[in-house]
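One chain comes next, on its own, written out as structure tokens in the form predicted alone.
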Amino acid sequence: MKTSAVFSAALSLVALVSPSAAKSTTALLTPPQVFKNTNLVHVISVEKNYVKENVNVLIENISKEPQDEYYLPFTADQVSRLGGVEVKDRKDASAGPFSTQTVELDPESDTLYLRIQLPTPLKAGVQQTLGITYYFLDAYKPLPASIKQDDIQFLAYSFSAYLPSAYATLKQKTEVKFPSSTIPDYTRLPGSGDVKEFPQKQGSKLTYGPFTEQPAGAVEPVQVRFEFNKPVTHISELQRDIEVSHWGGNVAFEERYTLYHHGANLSSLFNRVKWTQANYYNPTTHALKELKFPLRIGSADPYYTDVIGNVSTSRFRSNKREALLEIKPRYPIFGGWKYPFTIGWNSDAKNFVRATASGGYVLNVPFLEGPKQVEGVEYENVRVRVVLPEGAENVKYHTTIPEISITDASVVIHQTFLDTIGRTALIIKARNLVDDFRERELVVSYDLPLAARLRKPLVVFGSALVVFVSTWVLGSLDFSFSSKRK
């Protein structure tokens, strides 16, 4: 089957799922029609292996009462892959981010809503410009689904030329940004005014619109297919441990990854000889062959292991300007392949921990670090565990990760070597993050009483004393046998 035929078949499938004939849908229960979108610009970026969408919309309160809840519809499938939602006032950067939450208004409908809480109710007839940013993970389909080892990879993405909205939109347009100008297939729509056909292509960008007034719920399914000859790196699970030691003056980091390549599968068996030959002229490939981890300056003692053991194909550069860990997997990772591995390193505690005037402590670390790749990295599930010194109490945290991405947070007791009551550990779970959130802060405050600080050295001293005394007592005993004289 030719590529264009495959694209047409896939587009027909999209049309079956979201028929363009029914350009407006009405759920049994919908948000009240208290707003209208006066002007809307929808920017979709498929430049990385996840989708980033920016919606800049000028909303107007058309009701007679002040309103403070704005709704944005998504399908249930989209919500399961939605992450990193942030909403701000475009004209007032200090007023945000706004509180967001996904809600279900109709249990029998596939439509869920992102409820945006405006910090100040919008009065009747007043307008406000919202800047809404969110990400979709696992958003692409390789097309074709299987290719040869040295073939170029193409991805397809489906969306609506009209931004699905709970409110009527007077004017809108959708811009799509690509990693290159190679866009062999895309849906064409009838134009308006002087433009005969949408989209308009300008280099690596397609523009659908501007469109005239559309009712609430209007959709226009389209699909684009573009060249993406890079790895589609998907981290299904990241377990990040941060262990703080006051007596050792050290913060230890360990990260355990379960990595998948969500690109096109190989249509034939992997050829090691062909791969080795190709490395001499280093062509662009969709296989993942290297990961780069920028660490904080001063990081030391890095290690890199996988399920087999230590992996020697790594390089660590550390100086006054940078600390960079470069790792190469044991084998190149192609579409559909999996690679679990672990990295770790140490850093001076003074780079992350400071004492407060009240006698407590504050730990400031990145919530997410991970590899920094040109093609981007997406994270489905992230678990961050901060292990504090034994006896730490009154633990509180703050993070600049979007609140909608945090799914759970708890404080537990973690048992390790030479502990008596166990160490206090803060566990935070997040979902659907991307490497755009690298270096977002995680600030943990805690108290450490004097008794808790002295517990470990006293335990070590006491244990050593017990061993010494026991050895001395046992050494002074006479276990020899004596013969009895008659």
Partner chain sequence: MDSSLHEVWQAASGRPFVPTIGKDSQFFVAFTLLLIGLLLSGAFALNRSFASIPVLGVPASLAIAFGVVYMFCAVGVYV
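Numbering follows the first chain given and starts at 1. From a predicted model like this one, the values you see are computed outputs, not experimental measurements.
Same protein, other form: the form predicted together with the partner chain, not shown, and the subject of what follows.
Thinking of the partner chain in the predicted complex, which stretch from 154-162, 100-108, 198-206, 247-255 has heavy atoms inside 4.5 Å of it? Every other range fails; the passing one is 247-255.
Are any of the heavy atoms in Ser445 no more than 4.5 Å from a heavy atom of the partner chain in the predicted complex? Judged by the heavy-atom cut-off of 4.5 Å, Ser445 is in contact with the partner chain in the predicted complex.
Are any of the heavy atoms in Glu243 no more than 4.5 Å from a heavy atom of the partner chain in the predicted complex? Glu243: yes, in contact with the partner chain in the predicted complex.
Answer yes if any heavy atom of Lys396 is within 4.5 Å of a heavy atom of the partner chain in the predicted complex; otherwise answer no. So Lys396 counts as contacting the partner chain.
If you check in the predicted complex, is Asn346 within 4.5 Å of the partner chain, heavy atoms only? Result yes; Asn346 sits at the interface with the partner chain in the predicted complex.
Using a 4.5 Å cut on heavy atoms, which of Asn271, Gln239, Asn364, Gln373 is close to the partner chain in the predicted complex? Of the listed residues, the single hit is Asn364.
Partner-contacting position among Lys123, Lys338, Arg321, Arg354 - heavy atom within 4.5 Å of the partner chain in the predicted complex: By the 4.5 Å criterion, the partner-contacting residue is Arg354.
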